[in-house]
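Two forms, one chain: they're shown below as structure tokens, one block per form, named structure 1 and structure 2.
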Structure 1
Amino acid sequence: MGEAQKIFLNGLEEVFPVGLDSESSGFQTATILGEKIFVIGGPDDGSNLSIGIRIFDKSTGKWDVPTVLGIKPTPCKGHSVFLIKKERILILKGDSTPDDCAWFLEVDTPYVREQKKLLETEVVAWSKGVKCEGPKPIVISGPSGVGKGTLISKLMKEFPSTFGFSVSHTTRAPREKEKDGVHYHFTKRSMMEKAIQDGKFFEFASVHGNLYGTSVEAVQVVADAGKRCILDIDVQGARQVRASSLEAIFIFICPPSFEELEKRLCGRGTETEEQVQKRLRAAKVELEQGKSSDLFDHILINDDLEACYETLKKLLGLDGSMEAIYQSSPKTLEHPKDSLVSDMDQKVLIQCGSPELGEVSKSLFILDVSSIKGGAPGQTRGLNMYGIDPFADGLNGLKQLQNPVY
């Protein structure tokens, strides 16, 4: 409060609607898409805990506060905005840490359009921008008791720096040795349903009478740690992940026989007889769907545990040489403080601070968003950022800098 309010109109000179800033304080930007103006910044429902979003509809002259899905960025003192392909707004946070500077606010992507239909409100969705593709997550499915957890534990034990487990949410009660936050996030149904409504889940399903789901955050935590994510989910969940922005490898685990599955499930001793019967009924359906559909990239039979584990490792390329690849290259953007940014058709030129002449080449970067993938409710992958030399012939240096907005 007290500081003069700044509103940047994405480099466009347009008559701003009367009353835009009458109630707000803080840094804001406005991006025009058709009849709508997306105002990003300022206070968010009074809490000031995240970046607020409002939409002004020029045709009706009315303001709308949209439903905001996905994981929101933390607030920042200032930001720059660029409209990409008329479907998402790239937000470069000023004064941010390297792994937190590039975010996307999706305003008209297929995901947002689908959510608008479902929720019957205005919808926007946040997605964090990350540099490299990263290794594809692995989805492991199969009937209860087939040995998914056993195989995953072996992988995590042998390759602790390569794999990270996506900790699901569930409404079922914890078993004796299960720890909250490690095996599952044990949660109340009402809380989980609210989080699902808020777009915080990649997938969810009712399994054996309880709600299970993979949150966007669970996958993000693993990616942020530079690891390859493993999801242990049922077939309904696998189908939803296949349809989502998360590109994964899908593996279905089969028992050698139905009798053996029953033996393992009973032998585990974690379910009552009634629950075992429920799981076995579901297993029949899952086995049919898993084996017959083209949902899965690989089907493994878990007869002898060691043999199955070796096959799993082989198909994941874990023959020693791949381990080094998964210790992946830097995955986050290096975003300089106090930058000057400029929009060049899916390439953004960023100039940092006020460089001394001899250091100019170090302070200019191009952020290329032409080959981005994924998106809300998960991360937007494939951002490319590189330093440039402004005096190099081909680029024609600083002449490229147009419409500075920040």
Structure 2
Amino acid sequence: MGEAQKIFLNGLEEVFPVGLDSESSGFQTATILGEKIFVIGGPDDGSNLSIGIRIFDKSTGKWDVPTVLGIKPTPCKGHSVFLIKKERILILKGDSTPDDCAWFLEVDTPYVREQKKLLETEVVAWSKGVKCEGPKPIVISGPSGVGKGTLISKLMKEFPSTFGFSVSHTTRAPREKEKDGVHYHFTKRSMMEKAIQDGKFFEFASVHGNLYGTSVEAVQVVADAGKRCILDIDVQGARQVRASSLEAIFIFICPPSFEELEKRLCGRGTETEEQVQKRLRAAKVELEQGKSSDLFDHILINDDLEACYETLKKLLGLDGSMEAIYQSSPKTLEHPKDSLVSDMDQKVLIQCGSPELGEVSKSLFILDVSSIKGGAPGQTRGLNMYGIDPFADGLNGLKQLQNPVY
């Protein structure tokens, strides 16, 4: 079979003949799940390693390169892997900051199984691991003219450092005074279709020949800024988000009556009669779907704007006097290069140290993944990290850090 190559199999060395994997070299890890071996890594050329994915099928003796969905992690200098619940692989990146060291490769989650059926090919999906610090995003839906845009504007104005708005993508051309990245992310259709195929959108729809959608990245940008994300989308989009891994609060805004909605739309004076009737037909469908399904957690009637706004604030836990600000993960503590990692019942023991400073600099941490939620195409939330006092005995040595490292 020729020269053999070493691959680290959950901490143990395995030998794979080059005859089966002639294009591989460098540091790689392999995780066994049934008849499949998921190999993660890339060539070692003295720089950062790319994080490629290949699958070896033991039953056929053949390699496969799967379709990889989700936002991929940046290259790193080595990594460790652990199989979690036989459905996803935890990847700890070496030499990374705390908010970028933990990633999950989903290999047999419901999302991956669904995508396999749709794409009719082997599929895996990336998801970034994060602490569950902030409140749930808010999905606000309602027919045109119901006042949801005004309610969102009032929230953003009163609580500017609490809420952030996800900027949607579209393939249509920008209109006068519209700015890219502010009103929409204007993109080419081919690029957006590719991103949708790669699982990088929570929801999307074709409207009058143009694509519109909310990307995973657009929601994550708001969360990374330490804000609570607001999504203003239609009922069809809300249904897609509900079916995704994103845990959100779904609120439907409706008028006191259909006649009142018609009055508001006609009162705008900005559209032709034909356009108004088209919006009214769409509104009738949205009202029926919004009220009759279990899609929405709350239904608000916008009879009086100020009263509706106060009800909305109450639902979101806001009293109007103090903003519920939460901080993103600290970015100052690095995940050192020489880390000794072992797993124990969904808890990963990490020994970190700097070779320049020697043994005295080493620290022990436990990464707890027992309470994770969500996943691809969004983030995997619920990670917890604890520090261990190496000089204490037993459980007395385990203490949650007052300032978590992740």
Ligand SMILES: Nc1nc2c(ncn2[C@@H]2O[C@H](COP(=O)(O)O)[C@@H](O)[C@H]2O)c(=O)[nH]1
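Keep in mind the model is a prediction, meaning the values are calculated, not measured. Just so we're on the same page, rigid core means the largest C-alpha set that superposes within 1.5 Å between forms. Numbering for residues begins at 1 and runs along the sequence of structure 1.
Here the chain appears twice, and structure 1 is the form predicted together with the ligand. Core-aligned CA deviation for residue 279 between structure 1 and structure 2: 2 Å or greater. Residue displacement note: residue 301 has its CA displaced by at least 2 Å between structure 1 and structure 2 (rigid core superposed). When the rigid core is held fixed, the Cα atom of residue 220 travels less than 2 angstroms between structure 1 and structure 2. The two forms, fitted on their core, place the C-alpha of residue 261 3.7 Å apart, compared between structure 1 and structure 2.
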